[in-house]
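There is one chain below, alone, in structure tokens, taken in the form predicted on its own.
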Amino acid sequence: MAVTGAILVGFLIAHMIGNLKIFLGASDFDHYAEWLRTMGEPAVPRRTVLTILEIVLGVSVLLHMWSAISLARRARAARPVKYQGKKKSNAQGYATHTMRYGGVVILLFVIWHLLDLTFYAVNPKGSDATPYDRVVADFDASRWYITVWYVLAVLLVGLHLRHGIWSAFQTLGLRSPRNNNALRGLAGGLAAVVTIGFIAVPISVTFGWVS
């Protein structure tokens, strides 16, 4: 689960950096979108590298979900009888709800995001537009509810990242009493950067800073 999570975190960081190119203007953003599809040319056909990356990401998501379900079942099997104490740790309850229910919302968000900006099925401009124009149309002020949905989903991604990165440090044996606070700060800081980076685009379009 930690390894697949690390792959997904790497993807999120790269995706966020690419998204921020929209602030450089339509030409740079569209050029970046085209580059994603032409990586490796002429050594390999158009979109080959991108398709391979998408397959790796898809497999990582499935393995990440499978790991989460397997670990939950293993935990229940190891403790068939509930603890007698009724008081639960606030931190543990927060983590459980964030990772479990947040993960479901994030999955639904990813499906919508693919239908919107990859397959263009729910995008106002459809396939007959540039990547820049599709993003601007998507988060237009008249479609404020889409921006709200996007922002809420990304906030959940940030919470998921914060706890997930911290858990990965523990799982991979990188945490120690000496670096505990540093790693916790790193997890929170990285999650905050990714969250702000993703939210910046829809907010800027909705308020007319990008048009």
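Sequential numbering from 1, following the sequence displayed. In this text the structure is predicted, and so the values were computed from the model without any measurement.
What comes next is about the form predicted together with a small molecule, which does not appear here.
Tell me, which of L12, I199, A191, I22 has a heavy atom within 4.5 angstroms of the small molecule in the model of the complex? Only one listed residue qualifies here, and that residue is L12.
Determine whether any heavy atom of A129 comes within 4.5 Å of a heavy atom of the small molecule in the model of the complex, and answer yes or no. Answer no; every heavy atom of A129 is more than 4.5 Å from the small molecule in the model of the complex.
Is there a heavy atom of I106 no more than 4.5 Å from a heavy atom of the small molecule in the model of the complex? It does: once the small molecule is placed as it appears in the model of the complex, I106 has a heavy atom within 4.5 Å of it.
Does T48 reach the small molecule in the model of the complex, with heavy atoms at most 4.5 Å apart? No, T48 stays farther than 4.5 Å from the small molecule in the model of the complex.
Does T38 make contact with the small molecule in the model of the complex, using a 4.5 Å heavy atom cut-off? Looking in the model of the complex, residue contacts with the small molecule do not include T38, since no heavy atom lies within 4.5 Å.
Among 25-33, 182-190, 163-171, 146-154, which stretch has residues whose heavy atoms lie within 4.5 Å of the small molecule in the model of the complex? In the other structure, the partner sits against 163-171.
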